[in-house]
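Listed next as structure tokens is one chain, alone, in the form predicted alone.
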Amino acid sequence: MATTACFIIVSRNDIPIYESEVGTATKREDAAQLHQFILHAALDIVQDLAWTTSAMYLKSIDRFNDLVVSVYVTAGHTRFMLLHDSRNDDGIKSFFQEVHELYIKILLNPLYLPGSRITSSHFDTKVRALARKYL
């Protein structure tokens, strides 16, 4: 089954530091812009929910047609946002937890400036592999 999935990491200052289309569905020309628009529109909801709960995984916070926005908020208020059309909550939670571990490894790199764009091809490869595994 083909899935639509767009994954983005947003810093605490609302700056996207990593973006990836990780789904297996065929890509339309305007799909990337639509996915970015949906995810950025959901940031206000995330901002409100993040301060009302101590949970890191906020599950499904928004919907657009058949697409769902799921969010994971780190302790440093970095948001991992996934736009998807699947119903696999356990897989999505596992995906977020493993990407969080990868993100921590990036932060531990002394050459990485926190809040800057993540350009590591190794990180990108690992995220795509996790998406194939869990989503």
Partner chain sequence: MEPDVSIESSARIQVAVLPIGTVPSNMLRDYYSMLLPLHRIPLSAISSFYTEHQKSPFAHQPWDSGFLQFKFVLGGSQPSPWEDFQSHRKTLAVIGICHCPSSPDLDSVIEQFSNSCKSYPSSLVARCFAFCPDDSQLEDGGKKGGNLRLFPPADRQTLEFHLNTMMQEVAASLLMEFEKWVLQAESSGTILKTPLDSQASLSSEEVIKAKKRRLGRAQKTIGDYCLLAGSPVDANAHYSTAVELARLTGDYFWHAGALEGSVCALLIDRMGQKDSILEDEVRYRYSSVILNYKKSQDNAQRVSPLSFELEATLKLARFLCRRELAKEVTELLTNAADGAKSLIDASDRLILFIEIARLYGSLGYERKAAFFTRQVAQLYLQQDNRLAAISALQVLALTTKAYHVQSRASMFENSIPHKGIGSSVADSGKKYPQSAVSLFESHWSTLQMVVLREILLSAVRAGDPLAAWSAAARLLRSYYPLITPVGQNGLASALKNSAERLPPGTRCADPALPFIRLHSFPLHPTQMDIVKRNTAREDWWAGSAPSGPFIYTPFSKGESNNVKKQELIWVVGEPVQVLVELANPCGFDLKVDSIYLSVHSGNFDAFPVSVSLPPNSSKVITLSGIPTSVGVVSVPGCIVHCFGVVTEHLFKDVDNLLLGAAQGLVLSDPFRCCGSPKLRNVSVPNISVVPPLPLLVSHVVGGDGAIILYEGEIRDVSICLANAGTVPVEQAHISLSGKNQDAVLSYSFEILQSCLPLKPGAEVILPVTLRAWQVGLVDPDTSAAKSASGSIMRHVKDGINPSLLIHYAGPLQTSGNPQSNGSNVPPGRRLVVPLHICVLPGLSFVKARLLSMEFPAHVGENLPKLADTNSNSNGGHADSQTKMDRLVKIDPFRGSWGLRFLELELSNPTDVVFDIRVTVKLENSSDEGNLFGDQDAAEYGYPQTRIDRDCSARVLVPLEHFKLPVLDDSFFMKDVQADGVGGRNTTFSEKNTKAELNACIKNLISRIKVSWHSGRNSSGELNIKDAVQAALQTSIMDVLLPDPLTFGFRLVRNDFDSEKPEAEKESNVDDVQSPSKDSVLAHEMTPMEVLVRNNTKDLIKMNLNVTCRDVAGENCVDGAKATVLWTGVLNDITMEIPPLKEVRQSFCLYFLVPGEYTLAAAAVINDANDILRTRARTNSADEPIFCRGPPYHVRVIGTA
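Positions refer to the first chain, counted from 1. The structure presented is a predicted model; accordingly, all values stated were derived computationally and were not measured.
The next section is about a form of this same protein that is not shown, the form predicted together with the partner chain.
Although the partner is absent from this view, residue 89 stays clear of the partner chain in the predicted complex, with no non-hydrogen atom inside 4.5 angstroms.
Proximity of residue 38 to the partner chain in the predicted complex falls within the 4.5 Å heavy atom cutoff. At a distance threshold of 4.5 angstroms between non-hydrogen atoms, residue 64 is in contact with the partner chain in the predicted complex. Residue 47 belongs to the set of residues with a heavy atom inside 4.5 Å of the partner chain in the predicted complex.
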